[in-house]
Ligand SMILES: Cc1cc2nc3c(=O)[nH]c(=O)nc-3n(C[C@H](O)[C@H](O)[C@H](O)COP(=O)(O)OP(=O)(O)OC[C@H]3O[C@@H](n4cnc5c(N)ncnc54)[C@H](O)[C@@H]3O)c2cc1C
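Encoded as structure tokens, the following chain is the form predicted on its own, with no partner shown.
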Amino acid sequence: MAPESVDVIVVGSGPVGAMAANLLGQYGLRTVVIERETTAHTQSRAINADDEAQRIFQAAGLTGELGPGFHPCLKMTYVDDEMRMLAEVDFTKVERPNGHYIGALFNQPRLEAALHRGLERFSHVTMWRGHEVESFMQDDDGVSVRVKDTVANRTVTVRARYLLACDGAKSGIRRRLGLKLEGTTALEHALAISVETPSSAPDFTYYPCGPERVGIVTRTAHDEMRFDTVVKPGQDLEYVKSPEYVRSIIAPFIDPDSVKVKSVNLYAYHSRMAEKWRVGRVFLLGDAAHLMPPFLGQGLCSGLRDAANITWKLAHVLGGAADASLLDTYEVERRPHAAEMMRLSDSLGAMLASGGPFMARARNAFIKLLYHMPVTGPFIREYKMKPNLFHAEGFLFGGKRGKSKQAAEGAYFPQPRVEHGEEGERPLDDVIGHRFSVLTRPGAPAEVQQAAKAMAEDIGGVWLSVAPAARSGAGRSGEVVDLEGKLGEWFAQHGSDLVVLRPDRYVYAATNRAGVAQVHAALKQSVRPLTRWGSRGSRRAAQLGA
């Protein structure tokens, strides 16, 4: 019997693998998700989704009733052991350029359940639970994967064009590829305690800064709170999981008798990255590619960015809209971004968790001083410690971001709410969809608008003319009304008449009238209209995995 043939195999159905499968499903790509476990996970591990991660859920159509139930973080307070405030971020006063809360919390089992429900929308995406990869072989045309059904004790072979390894920190795919993890593992451990609460109160996010307690205490859902604390070298790793110790961690923040302990997990944290993220037709994503320390809450967020980056590229390559060389830009773009997040997380961890009691008190005094100084205070209050990172090179006009501070290429484009004809007020991404898009500034010359329309048609994208807020209620076909003025501000800041956005909302090019023809020519050489949105339906895959 010839092996089943699909477009993509995703190994692992955790948040990163399930997100990749949802995004591939939206492009119509036949996808099989191979998951070793027979039942869903019940342990909460990751808890944080930044505004970019939430925007990726939006792109996957997982909002509202289909969403994971994100719990917004409205205020974050840094405190010492006596619960005295050192610094505070009021997120209700911080600008939200991506159209979502700067930070949101979640219950991971519910988040994974939402992702898995999302897969049910697609007849061409199939989940094989209780299956594991026994072996795989690559050739010039694809990957042949031998998969074992661990329940029925039988094996099948699946043929795919590409394989995405989303199988976590102990990735079997990475091991079979012979790829090493480079970096360090911390001497400290972290203790994660999840508790069930009878109501949605209290609702706070504290960052204890020591000297005795260092970590995070936060509400993650209407009925759940999380207590994460650093376990210092030399502490008894069995004792810290005992009810007595767990109670001592919870008590400063909430009455332990009012909650039910759901889970107590002890884990080491790492700063490690695979030496390569791609071997032939196999790509590593998420923890299979990089292990992130927890201090900035960027581990899962980074994995979701991996999924958002690779899936649109696979869709365009498999759909005949781009050459296979586009896939080379995945690691080029994502590795530096993940490495910088890892460096920042390490720095924050070193600042918060290192040193003895004297150093911790001195550090806390310094944080408090910085918070009240006129220059550094706004840096903390406006949460500028998490920088706006960008792609320095990759699939960008000219291949690299310009050296000017005003360079737009490689930056993440903002998402304000806009007005779009009869659809009314909507987030910008919902108007654009999953395509390349070309936007022109308010009042752009007619020749620029005509060129933008032709450019969008040549690449199978969408052209949108941005109109000022004064046109609200009178927008024409093909216009989006800039209700908040944010798009107009962006064009003015970058001195641009036109911007080209990739499907993942990173800027491919921004130019004034003089550079439009050059951008058009470069883009037309690289991108074509999609000739197919996958081959929908994979009945045999469903039968083989049953």
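From 1 onward, residues are counted along the sequence shown. No experiment lies behind these values; they were computed from the predicted model shown.
Same protein, other form: the form predicted together with the named molecule, not shown, and the subject of what follows.
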{"property": "Partner-proximal stretch of 437-445, 368-376, 279-287, 181-189 relative to the named molecule in the predicted complex, 4.5 angstroms, heavy atom", "result": "279-287"}
{"property": "Site check 118, 462 and 506: each within 4.5 Å of the named molecule in the predicted complex by heavy atom", "result": "no"}
{"property": "The named molecule contact in the predicted complex: residue 299, any heavy atom under 4.5 Å", "result": "yes"}
{"property": "Residue 161, heavy atom within 4.5 angstroms of the named molecule in the predicted complex", "result": "no"}
{"property": "Distance check, residue 22 to the named molecule in the predicted complex, heavy atom within 4.5 Å", "result": "no"}
{"property": "Residue contact check: residue 9 to the named molecule in the predicted complex, 4.5 Å heavy atom", "result": "no"}
{"property": "Option touching the named molecule, based on a heavy atom within 4.5 Å in the predicted complex, out of 59, 32, 47, 53", "result": "47"}
{"property": "Sole residue of 265, 123, 77, 150 within 4.5 Å of the named molecule in the predicted complex, by heavy atom", "result": "265"}
{"property": "Residues within 4.5 Å of the named molecule in the predicted complex, restricted to 191-228 and counted by heavy atom", "result": "226, 228"}
